[in-house]
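Single chain ahead, written as structure tokens, the form predicted on its own.
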Amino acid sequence: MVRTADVFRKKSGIDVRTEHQAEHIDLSEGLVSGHTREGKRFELPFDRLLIATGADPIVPARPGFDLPGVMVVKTLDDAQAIKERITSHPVKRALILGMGYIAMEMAEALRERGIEVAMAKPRARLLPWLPEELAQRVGEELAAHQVALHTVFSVDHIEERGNHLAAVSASGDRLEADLVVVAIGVTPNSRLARDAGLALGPADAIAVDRQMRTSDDRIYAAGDCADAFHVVTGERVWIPLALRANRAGWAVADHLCGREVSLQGVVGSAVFKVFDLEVARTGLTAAEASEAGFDAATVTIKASSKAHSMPGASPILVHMVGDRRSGRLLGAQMVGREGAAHRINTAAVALHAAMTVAQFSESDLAYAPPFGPTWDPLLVGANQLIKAMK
């Protein structure tokens, strides 16, 4: 926890009201109303309003998903609840529903505690936004740490038998566990905005302009509840990630203090760790590029994370996407034991600058044997992508 409520109250003079549930926004009266934890009704007037309600974990409305041993992981309280469940109940086997960022990190955290881990998802691909060769490398890393993967497994319901749980598919297949972690994604918490009549964007996130204003210019929205503009396509997207949420909050504060700020948008840069592996992405995948109307060309290369003569050098896989018509760089994905997490930022900056692949290939990147080969893996990928785009 970065800061307590009392710090806001005493240091900054902000009237922080915890345990107040906002339930309704009255646009005509300029009022927010709701109830306190004790059930007392409150009304708060506003001249300007910021909605920063975040996102909620997705929990299927199916039998058994409300059982005590079925848990989500989104907030600090969720994490604490999982820890308490593990310490208060004999948890030898855990089943994670989902195979995204949070699911992968939970798999590692549970294995660190000596718990058997299985993961399940309805679709066939492990990480559908990763090219097959890169996704296969992630699968190998999970297998090396004894994480069982069950793709094409759609949970119909969850059963409880004594202290044990079972996720059951429509065909009757069962996955047994002592703990089930639901990590199938999040959805924007936009109900207050929707009910007030504010416009919504992709995935029903609150639609905002580049100044974070909603369809009512008195009201702003920031964080995981709001959408953004994609730098590469120019279209609205909903990509709930921490940097955008923080930056959007600062932008709203600037506006409320009289300073005009316009945010360029996002390229969807993200990275996560799977045991000893770094998995990173920025920009568009080949499928996303084609869907956006680009003539997508791709290349996948295998390089070394540092000079081959250096101890600890390991393979790094780089996949890059470019547009044949404009020559523009559109996206990149990387997987490796080292170097992927920070190298992806180089590609992200190139996307913000709308660089072509040829321009990117001539970037003067730093070189020293302990940190990379003379030709950085991204430059190798760019040089190969130029050939694929011809």
Partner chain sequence: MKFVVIGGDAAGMSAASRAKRNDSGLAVTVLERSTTVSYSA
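Residue numbers count along the first chain shown, from 1. Note that the structure is a prediction, hence the values are computed from the model and not measured.
Omitted from view is the form predicted in complex with its partner chain, to which the following refers.
Site check 22, 77 and 257: each within 4.5 Å of its partner chain in the model of the complex by heavy atom: Affirmative, all three are within 4.5 Å.
Looking at the partner-bound form in the model of the complex, is residue 355 within 4.5 Å of its partner chain by any heavy atom? Outside the cut-off, so no.
Considering non-hydrogen atoms and a 4.5 Å limit, does its partner chain approach residue 223 in the model of the complex? Residue 223 belongs to the contact set for its partner chain.
Any non-hydrogen atom of residue 37 within 4.5 angstroms of its partner chain in the model of the complex: Residue 37: yes, in contact with its partner chain in the model of the complex.
Even though its partner chain is not shown here, does residue 5 get within 4.5 Å of it in the model of the complex, heavy atoms only? Yes, residue 5 is a contact residue.
Looking at 342, 48, 324, 62 here, can you tell me which has any non-hydrogen atom within 4.5 angstroms of its partner chain in the model of the complex? Here the answer is residue option 48.
Out of the stretches listed (326-334, 344-352, 357-365, 51-59), which one is close to its partner chain in the model of the complex, meaning heavy atoms within 4.5 Å? Every other range fails; the passing one is 51-59.
Output the sequence-ordered list of residues from 129-157 with at least one heavy atom within 4.5 Å of its partner chain in the model of the complex. Residues within 4.5 Å: none.
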